[in-house]
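Quick setup: one chain, the form predicted alone, written in C-alpha coordinates, and binding and motion questions come after.
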(Lines give C-alpha, C1' and ligand atoms only; values in the text may rest on other atoms or scores of the structure.)
Protein backbone atom coordinates (compact mmCIF):
# COMPACT_ATOMS: atom_id res chain seq x y z
CA UNK A 1 0.00 0.00 0.00
CA UNK A 2 1.39 3.39 -1.00
CA UNK A 3 1.14 6.05 1.69
CA UNK A 4 -0.75 9.10 0.37
CA UNK A 5 1.39 11.40 2.50
CA UNK A 6 4.61 10.57 0.66
CA UNK A 7 6.17 13.13 -1.64
CA UNK A 8 6.67 12.33 -5.33
CA UNK A 9 10.15 10.81 -5.08
CA UNK A 10 9.28 8.76 -1.99
CA UNK A 11 6.14 7.50 -3.68
CA UNK A 12 8.04 6.51 -6.82
CA UNK A 13 10.59 4.64 -4.70
CA UNK A 14 7.86 2.80 -2.82
CA UNK A 15 6.16 1.81 -6.06
CA UNK A 16 9.46 0.45 -7.40
CA UNK A 17 10.06 -1.55 -4.23
CA UNK A 18 6.55 -2.97 -4.37
CA UNK A 19 6.62 -4.03 -8.03
CA UNK A 20 10.06 -5.67 -8.17
CA UNK A 21 8.59 -9.05 -7.08
CA UNK A 22 5.99 -8.75 -9.88
CA UNK A 23 8.59 -8.30 -12.60
CA UNK A 24 10.76 -10.95 -10.97
CA UNK A 25 8.01 -13.57 -10.94
CA UNK A 26 5.97 -12.66 -14.04
CA UNK A 27 8.45 -10.94 -16.34
CA UNK A 28 8.02 -7.67 -18.19
CA UNK A 29 5.34 -8.73 -20.66
CA UNK A 30 3.01 -10.34 -18.13
CA UNK A 31 3.28 -7.55 -15.55
CA UNK A 32 0.48 -5.15 -16.43
CA UNK A 33 -0.08 -1.66 -15.06
CA UNK A 34 -3.30 -2.99 -13.54
CA UNK A 35 -1.33 -5.59 -11.56
CA UNK A 36 1.17 -2.93 -10.57
CA UNK A 37 -1.61 -0.66 -9.29
CA UNK A 38 -3.20 -3.53 -7.36
CA UNK A 39 0.12 -4.50 -5.81
CA UNK A 40 0.72 -0.91 -4.70
CA UNK A 41 -2.86 -0.31 -3.58
CA UNK A 42 -3.33 2.69 -5.87
CA UNK A 43 -5.14 3.53 -9.08
CA UNK A 44 -3.62 2.96 -12.51
CA UNK A 45 -3.90 6.72 -13.01
CA UNK A 46 -1.52 7.31 -10.08
CA UNK A 47 0.93 4.78 -11.50
CA UNK A 48 0.83 6.58 -14.87
CA UNK A 49 1.31 9.91 -13.11
CA UNK A 50 4.71 8.83 -11.86
CA UNK A 51 5.59 6.42 -14.68
CA UNK A 52 3.97 7.38 -18.02
CA UNK A 53 5.09 4.07 -19.56
CA UNK A 54 5.60 0.63 -18.09
CA UNK A 55 9.11 0.78 -19.58
CA UNK A 56 9.84 3.71 -17.25
CA UNK A 57 9.21 1.48 -14.24
CA UNK A 58 11.53 -1.16 -15.65
CA UNK A 59 14.21 1.50 -16.19
CA UNK A 60 13.90 2.62 -12.58
CA UNK A 61 14.15 -0.98 -11.37
CA UNK A 62 17.37 -1.33 -13.32
CA UNK A 63 18.73 1.89 -11.80
CA UNK A 64 17.70 0.73 -8.33
CA UNK A 65 19.50 -2.62 -8.75
CA UNK A 66 22.62 -0.94 -10.14
CA UNK A 67 22.75 1.61 -7.34
CA UNK A 68 22.54 -1.20 -4.78
CA UNK A 69 25.52 -2.88 -6.42
CA UNK A 70 28.00 0.00 -6.75
CA UNK A 71 29.30 0.39 -3.22
CA UNK A 72 32.08 -2.20 -3.32
CA UNK A 73 33.73 -1.02 -6.55
CA UNK A 74 35.69 2.11 -5.77
CA UNK A 75 38.39 0.60 -3.59
CA UNK A 76 39.06 -2.19 -6.07
CA UNK A 77 39.12 0.00 -9.17
CA UNK A 78 41.61 2.34 -7.50
CA UNK A 79 44.14 -0.41 -6.78
CA UNK A 80 47.31 -0.67 -8.85
CA UNK A 81 47.16 -3.46 -11.47
CA UNK A 82 48.88 -6.55 -10.09
CA UNK A 83 48.43 -10.25 -9.51
CA UNK A 84 47.16 -9.52 -6.01
CA UNK A 85 44.60 -7.03 -7.36
CA UNK A 86 43.50 -9.59 -9.95
CA UNK A 87 42.87 -12.22 -7.28
CA UNK A 88 40.94 -9.73 -5.13
CA UNK A 89 38.74 -8.67 -8.03
CA UNK A 90 37.96 -12.24 -9.11
CA UNK A 91 37.12 -13.10 -5.50
CA UNK A 92 34.82 -10.08 -5.27
CA UNK A 93 33.04 -10.86 -8.53
CA UNK A 94 32.25 -14.44 -7.50
CA UNK A 95 31.23 -13.53 -3.96
CA UNK A 96 29.13 -10.56 -5.08
CA UNK A 97 27.19 -12.62 -7.59
CA UNK A 98 26.96 -15.99 -5.87
CA UNK A 99 27.12 -15.46 -2.13
CA UNK A 100 24.94 -12.32 -1.79
CA UNK A 101 26.66 -11.49 1.51
CA UNK A 102 24.82 -8.95 3.67
CA UNK A 103 21.92 -8.74 1.22
CA UNK A 104 18.31 -9.33 2.14
CA UNK A 105 17.59 -12.95 1.02
CA UNK A 106 14.26 -12.06 -0.56
CA UNK A 107 15.78 -9.07 -2.34
CA UNK A 108 18.60 -11.25 -3.65
CA UNK A 109 16.12 -13.86 -4.88
CA UNK A 110 14.01 -11.23 -6.64
CA UNK A 111 17.09 -9.90 -8.42
CA UNK A 112 18.01 -13.40 -9.60
CA UNK A 113 14.50 -13.84 -10.95
CA UNK A 114 14.64 -10.45 -12.68
CA UNK A 115 17.81 -11.52 -14.48
CA UNK A 116 16.42 -14.94 -15.39
CA UNK A 117 13.10 -13.53 -16.62
CA UNK A 118 14.99 -11.00 -18.72
CA UNK A 119 17.05 -13.76 -20.34
CA UNK A 120 13.83 -15.63 -21.15
CA UNK A 121 12.41 -12.54 -22.83
CA UNK A 122 14.34 -9.94 -24.83
CA UNK A 123 17.29 -9.76 -22.45
CA UNK A 124 17.11 -5.97 -22.13
CA UNK A 125 17.35 -5.84 -18.34
CA UNK A 126 20.16 -8.40 -18.19
CA UNK A 127 22.09 -6.69 -21.00
CA UNK A 128 21.69 -3.25 -19.49
CA UNK A 129 22.74 -4.42 -16.04
CA UNK A 130 25.73 -6.27 -17.48
CA UNK A 131 26.81 -3.21 -19.44
CA UNK A 132 26.57 -0.82 -16.51
CA UNK A 133 27.66 -3.13 -13.69
CA UNK A 134 30.18 -5.63 -15.08
CA UNK A 135 31.72 -4.21 -18.25
CA UNK A 136 33.34 -1.23 -16.43
CA UNK A 137 35.47 -3.81 -14.56
CA UNK A 138 36.91 -5.30 -17.74
CA UNK A 139 39.67 -2.76 -18.54
CA UNK A 140 40.89 -2.96 -14.94
CA UNK A 141 40.94 -6.76 -14.98
CA UNK A 142 42.77 -6.77 -18.32
CA UNK A 143 45.45 -4.50 -16.87
CA UNK A 144 45.77 -6.82 -13.88
CA UNK A 145 46.17 -9.81 -16.20
CA UNK A 146 48.82 -7.92 -18.14
CA UNK A 147 50.65 -7.12 -14.89
CA UNK A 148 50.44 -10.77 -13.81
CA UNK A 149 51.88 -11.90 -17.15
CA UNK A 150 54.77 -9.42 -16.82
CA UNK A 151 55.53 -10.65 -13.29
CA UNK A 152 55.56 -14.27 -14.44
CA UNK A 153 52.47 -15.25 -12.44
CA UNK A 154 50.54 -16.08 -15.61
CA UNK A 155 52.34 -18.25 -18.13
CA UNK A 156 49.62 -18.68 -20.72
CA UNK A 157 45.94 -17.83 -21.03
CA UNK A 158 43.19 -17.69 -23.60
CA UNK A 159 41.97 -14.30 -24.77
CA UNK A 160 41.97 -12.16 -21.60
CA UNK A 161 38.52 -10.78 -22.36
CA UNK A 162 37.02 -14.20 -22.93
CA UNK A 163 38.59 -15.52 -19.74
CA UNK A 164 37.03 -12.57 -17.86
CA UNK A 165 33.60 -13.29 -19.34
CA UNK A 166 33.91 -17.00 -18.54
CA UNK A 167 34.77 -16.17 -14.94
CA UNK A 168 31.67 -13.99 -14.71
CA UNK A 169 29.51 -16.70 -16.29
CA UNK A 170 30.67 -19.30 -13.78
CA UNK A 171 29.39 -17.11 -10.94
CA UNK A 172 26.14 -16.29 -12.77
CA UNK A 173 25.37 -19.96 -13.47
CA UNK A 174 26.06 -20.93 -9.87
CA UNK A 175 23.76 -18.10 -8.85
CA UNK A 176 20.91 -19.25 -11.08
CA UNK A 177 21.30 -22.90 -10.03
CA UNK A 178 20.92 -21.80 -6.41
CA UNK A 179 17.65 -19.97 -7.10
CA UNK A 180 15.24 -22.78 -6.06
CA UNK A 181 14.80 -23.40 -2.35
CA UNK A 182 16.31 -26.83 -2.92
CA UNK A 183 19.39 -26.43 -5.08
CA UNK A 184 19.28 -28.09 -8.49
CA UNK A 185 22.67 -29.77 -8.07
CA UNK A 186 23.86 -31.48 -4.92
CA UNK A 187 27.47 -30.32 -4.81
CA UNK A 188 27.97 -32.09 -1.46
CA UNK A 189 29.68 -28.98 -0.12
CA UNK A 190 28.64 -25.87 1.78
CA UNK A 191 27.97 -22.76 -0.30
CA UNK A 192 31.16 -21.03 0.86
CA UNK A 193 33.23 -24.07 -0.13
CA UNK A 194 31.59 -24.06 -3.56
CA UNK A 195 32.43 -20.36 -3.97
CA UNK A 196 36.06 -20.98 -3.04
CA UNK A 197 36.33 -23.90 -5.47
CA UNK A 198 34.78 -21.77 -8.23
CA UNK A 199 37.28 -18.97 -7.56
CA UNK A 200 40.20 -21.40 -7.71
CA UNK A 201 38.79 -22.84 -10.95
CA UNK A 202 38.55 -19.32 -12.40
CA UNK A 203 42.07 -18.35 -11.30
CA UNK A 204 43.51 -21.48 -12.88
CA UNK A 205 41.47 -20.77 -16.01
CA UNK A 206 43.00 -17.30 -16.14
CA UNK A 207 46.37 -19.02 -16.18
CA UNK A 208 47.66 -18.20 -12.71
CA UNK A 209 50.48 -20.43 -11.57
CA UNK A 210 50.12 -22.62 -8.51
CA UNK A 211 52.75 -20.51 -6.76
CA UNK A 212 50.82 -17.29 -7.43
CA UNK A 213 47.56 -18.79 -6.20
CA UNK A 214 49.23 -20.06 -3.06
CA UNK A 215 50.78 -16.63 -2.45
CA UNK A 216 47.77 -14.43 -3.10
CA UNK A 217 44.66 -16.54 -2.56
CA UNK A 218 43.78 -16.51 1.13
CA UNK A 219 39.97 -16.79 1.41
CA UNK A 220 39.76 -15.48 4.98
CA UNK A 221 41.85 -12.39 4.23
CA UNK A 222 39.97 -11.71 1.01
CA UNK A 223 36.61 -12.18 2.72
CA UNK A 224 37.58 -9.63 5.39
CA UNK A 225 38.49 -7.16 2.65
CA UNK A 226 35.27 -7.91 0.78
CA UNK A 227 33.05 -7.36 3.83
CA UNK A 228 34.90 -4.13 4.72
CA UNK A 229 33.89 -2.51 1.46
CA UNK A 230 30.39 -3.95 1.11
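Numbering follows the first chain given and starts at 1. Small disclaimer: the values here were computed from a predicted structure and weren't measured.
Unshown form predicted in complex with the DNA; subsequent notes refer to it.
Q: With a cut-off of 4.5 Å between heavy atoms, is residue 44 one of the residues that contacts the DNA in the predicted bound form?
A: Output for residue 44 is yes: heavy atoms within 4.5 Å of the DNA.
Q: Does the DNA get within 4.5 angstroms of any non-hydrogen atom of residue 62 in the predicted bound form?
A: Taking the distances in the predicted bound form, the answer for residue 62 is no, it never comes within 4.5 Å of the DNA.
Q: Indicate whether residue 180 is a 4.5 Å heavy atom neighbour of the DNA in the predicted bound form.
A: Residue 180 lies outside the contact set for the DNA.
Q: Is residue 33 part of the interface with the DNA in the predicted bound form - any heavy atom within 4.5 Å?
A: The answer is yes: residue 33 has a heavy atom within 4.5 Å of the DNA.
Q: Note which of 187, 201, 48, 166 lies within 4.5 Å of the DNA in the predicted bound form, where distance is taken over heavy atoms; exactly one does.
A: When the DNA is considered in the predicted bound form, the option within 4.5 Å is 48.
Q: Which single stretch, out of 168-176, 201-209, 188-196, 51-59, brings residue heavy atoms within 4.5 Å of the DNA in the predicted bound form?
A: Of the options, only 51-59 has residues within 4.5 Å of the partner.
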